[in-house]
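Alright, two takes on the same chain below, each alone as structure tokens: structure 1 and structure 2.
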Structure 1
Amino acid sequence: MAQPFEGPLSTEYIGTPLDLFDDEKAWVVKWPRSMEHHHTYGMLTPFFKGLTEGKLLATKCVNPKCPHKSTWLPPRADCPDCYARTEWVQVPSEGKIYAYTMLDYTGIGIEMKAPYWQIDVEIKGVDTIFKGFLLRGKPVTGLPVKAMFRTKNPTHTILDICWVPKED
């Protein structure tokens, strides 16, 4: 015969009581929490590492049978047109402003001091357009810009690249 399982004989509340908003019609409880995610850059790791080394890396499909052989920035490890594995290529760290906006009101967690300009940059030889922010200056469509890299104290995020007017 199996031995009876010797489980606990009692327990106690070890949580933190929740604050209550006593709304007129219903109880509403306040439930704070914080958490940490461990997010991988996977096969795009060279791109983010590249930013910290002052390099702007894109991926290119070099499959001779691919109908488009596009160059992707943001990069992607697999070509969506032919499913071949793409290759890393360094692209010019300059381009032209394609579109822009100014951020003022933002959600929590914003890491840039608002207000600031968010820009979309057209880069020669790249088939897509690349989103970033303007470190200084004022955007107009078509304005030539050059990239700056946060090689010191990198954030290890996309914020390690930003743009300034080329004439700066």
Structure 2
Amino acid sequence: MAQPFEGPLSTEYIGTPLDLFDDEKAWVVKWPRSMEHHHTYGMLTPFFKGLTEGKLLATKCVNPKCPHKSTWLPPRADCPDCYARTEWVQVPSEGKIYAYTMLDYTGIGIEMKAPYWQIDVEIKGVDTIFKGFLLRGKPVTGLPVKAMFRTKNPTHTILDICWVPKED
């Protein structure tokens, strides 16, 4: 059985940014596969657009009758508790590591060098845990982290956000 890797890692994006067809309402990206596929972000377009602008956007239920009024990240167009339409809010781009795992295989469509640390980030004011990757270093539960955004040459994917230790 292989020994688990325990050291610090450094990773990088190795893919090509997706082509963007921006009609101002909903982004559509050309997602390369064995055949060309056009995928719409639909009502979640503001989230991906926010990443390219260095902003972390979530959705919040503002229905006064909702029992939870949660803030969701990743965002949801509709509240899963009351089914009302949510509203966009900017949330802090800092948090702390809630959990982590080392990945030595990225999977199809995740254009990153492996191995890398996948982390779950707890963000103040957000009711869900946000998944991402640690750009460099070694994760520790509770470690403060801050977001880094790919605002130059964005990929137009979730890989436009990563996390680094806050003291960096």
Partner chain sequence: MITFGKGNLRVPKWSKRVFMVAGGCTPFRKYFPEYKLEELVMIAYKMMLEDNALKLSPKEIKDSIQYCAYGEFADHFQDQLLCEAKIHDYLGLEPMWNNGIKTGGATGGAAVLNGAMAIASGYANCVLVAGWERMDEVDTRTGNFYIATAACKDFETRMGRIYSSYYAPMANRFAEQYNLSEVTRAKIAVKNRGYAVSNPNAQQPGRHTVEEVLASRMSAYPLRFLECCAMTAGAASVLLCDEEMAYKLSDTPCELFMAGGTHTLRVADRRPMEIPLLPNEEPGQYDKLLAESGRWPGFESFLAARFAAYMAYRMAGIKDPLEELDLVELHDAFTISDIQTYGDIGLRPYGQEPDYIESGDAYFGGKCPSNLSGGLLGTMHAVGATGIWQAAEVLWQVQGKYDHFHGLDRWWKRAGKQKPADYENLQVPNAKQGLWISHAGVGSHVTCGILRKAW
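Since the model is a prediction, treat every value here as computed from it, not as a measurement. Here, residue number means position along structure 1's sequence, counting from 1. C-alpha atoms forming the largest set that superposes within 1.5 Å between two forms make up the rigid core.
Would you indicate whether the form predicted together with its partner chain is structure 1 or structure 2?
Structure 1 is the matching one, since it is the form predicted together with its partner chain.
Taking the rigid core as the frame, does Thr16 move its C-alpha by 2 Å or more between structure 1 and structure 2?
Thr16 C-alpha, core-superposed: shift of 2 Å or more.
Establish whether a shift of 2 Å or more occurs at the C-alpha of Ile110 between structure 1 and structure 2, with the two forms superposed on the rigid core.
After core superposition, the C-alpha of Ile110 moves 2 Å or more between structure 1 and structure 2.
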